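What follows is one chain in structure tokens, specifically the form predicted on its own.
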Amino acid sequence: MQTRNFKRAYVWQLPVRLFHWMNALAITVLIITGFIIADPPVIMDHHEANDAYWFGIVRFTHFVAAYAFLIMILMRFYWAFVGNKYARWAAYWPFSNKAIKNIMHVMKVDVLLLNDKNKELRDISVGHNTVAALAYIAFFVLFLVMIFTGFGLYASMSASWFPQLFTWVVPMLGGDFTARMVHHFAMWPIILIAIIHIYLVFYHEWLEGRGEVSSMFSGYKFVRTERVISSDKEEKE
């Protein structure tokens, strides 16, 4: 039986872990409240007048979560310049030849559940694999769409200076209805990518036992020693 030499590597810094969980919480709250705002449940309409402000509470919660989400995105954007090598923008660049081959490997093994004995492709990542990097790029683009359309819609009902910076968004999209549709439909790929992300995290946790789940609490993953050494060499080159 062949054994491997694994090293406990500090991958996810504390700010990255905080951004991850705060974003997860904010996105969950935004999705739930967004669904209620888009289609209020009939059962919640049968209240006395003095108890009927529930919808205002839902909208207020949505707006608070939106501001919290925006702050987390801005902080994560900043950390992509000052964080460790696993948090920086370079870690999300998925267009090298080796990275493209890794995409095919992940699709073959993780999605289609086929065998692939190519160890070079299997062990390419210490932090995010290439598919995860692509997912985060897609997330970032979708997040920008949600932020601009969301605050664009909010601008007409807020006297605050910040939402007023987005007053141009709704006219550019052709009106309130189109902006709401863009805001709504951009939510669905976010939900889909989040589901796939959760599935792949637990899949790798079960298949590889490298601490994928616990790493987002502790920051540490178990990585083949030679892969950590190779990653350090790549950073110095």
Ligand code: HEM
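Predicted model only: the values in this text are computed from it and were never measured. We number the residues from 1 along the sequence you see.
Omitted here: the form predicted in complex with the ligand. The next part is about that form.
The unique member of 82, 157, 138, 74 whose heavy atoms fall within 4.5 Å of the ligand in the predicted complex: Filtering the options by heavy-atom distance leaves 157.
Heavy atom within 4.5 Å of the ligand in the predicted complex - the one residue of 91, 147, 103, 134 that qualifies: For this set of options, the contacting one is 147.
Contact label in the predicted complex: residue 204 to the ligand, heavy atom within 4.5 Å: Taking the distances in the predicted complex, the answer for residue 204 is no, it never comes within 4.5 Å of the ligand.
Residue 197, heavy atom within 4.5 angstroms of the ligand in the predicted complex: Contact with the ligand, no.
Residue 38: touches the ligand in the predicted complex, heavy atom cutoff 4.5 angstroms: Within the cut-off, so yes.
The ligand contact at residue 173 in the predicted complex, heavy atom, 4.5 Å: Residue-level check for residue 173: no, no contact with the ligand.
Within 4.5 Å of the ligand in the predicted complex, all of 20, 25 and 87 (non-hydrogen atom): Verified in the predicted complex; spot residues all out of contact, no.
Partner contacts in the predicted complex for 59 to 85 (non-hydrogen atom within 4.5 angstroms of the ligand): The stretch 59 to 85, when checked against the ligand in the predicted complex, contributes 59, 62, 63, 66, 69 at the 4.5 Å heavy-atom cut-off.
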